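To begin, one chain is listed below as structure tokens, in the form predicted alone.
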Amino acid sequence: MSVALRNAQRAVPVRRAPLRRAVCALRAALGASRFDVGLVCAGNALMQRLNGDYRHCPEPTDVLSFPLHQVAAGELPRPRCLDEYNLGDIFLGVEYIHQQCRETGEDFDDVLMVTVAHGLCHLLGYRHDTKSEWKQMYQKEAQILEELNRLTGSRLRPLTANLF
């Protein structure tokens, strides 16, 4: 199925083709290749508005995920019709991520890929509100990033290594 990728900001150049390939590889690693996913690259203003509207935290952030289905962590949705073969949408705060990378010296494209993995895990029910949820999500992120690393020769790791 498809990846609908939209760049809704102009502050930071985004390499769309590698990003789309990464989303496809990560979906496959999650066993969700047959599901569509929407990916929006957003600036700080949009991320701040969405974060305020949906999480009551009016600040820009790196990623917000809006799942179409409510599933337990690790479960795939069970669509009843073709229109339901969609995981939902991920909003990447590319301007925020770029600013963070400039401060930390991390590679922007690498952090973008890891953030996409994090967002995809949220679309499939993974959370990190408690230590046990965080461990489960961290393990899944590490697993799917390992598959992406195998395909691309990268050495990506989850960003949330020291959350708890």
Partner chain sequence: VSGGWELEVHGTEAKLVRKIAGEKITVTFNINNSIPPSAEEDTQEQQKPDEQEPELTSTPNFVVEVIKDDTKQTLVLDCHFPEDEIGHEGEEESDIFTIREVSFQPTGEADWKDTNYTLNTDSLDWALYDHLMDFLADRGVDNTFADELIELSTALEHQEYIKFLEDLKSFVKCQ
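Residue numbers count along the first chain shown, from 1. Everything quoted here is computed from the prediction, not taken from an experiment.
We do not show the form predicted in complex with its partner chain, though everything after this point is about it.
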item	value
Exercise: residue 157 in contact with its partner chain in the predicted bound form, heavy atom 4.5 Å	no
In the predicted bound form, residue 15 touching its partner chain (heavy atom, 4.5 Å)	yes
In the predicted bound form, residue 69 touching its partner chain (heavy atom, 4.5 Å)	no
Distance check, residue 150 to its partner chain in the predicted bound form, heavy atom within 4.5 Å	no
Contact stretch among 103-111, 121-129, 46-54, 27-35 - heavy atom within 4.5 Å of its partner chain in the predicted bound form	46-54
Contact set, 5-43 vs its partner chain in the predicted bound form - heavy atom within 4.5 angstroms	5, 6, 7, 8, 9, 10, 14, 15, 16, 17, 18, 20, 21, 40
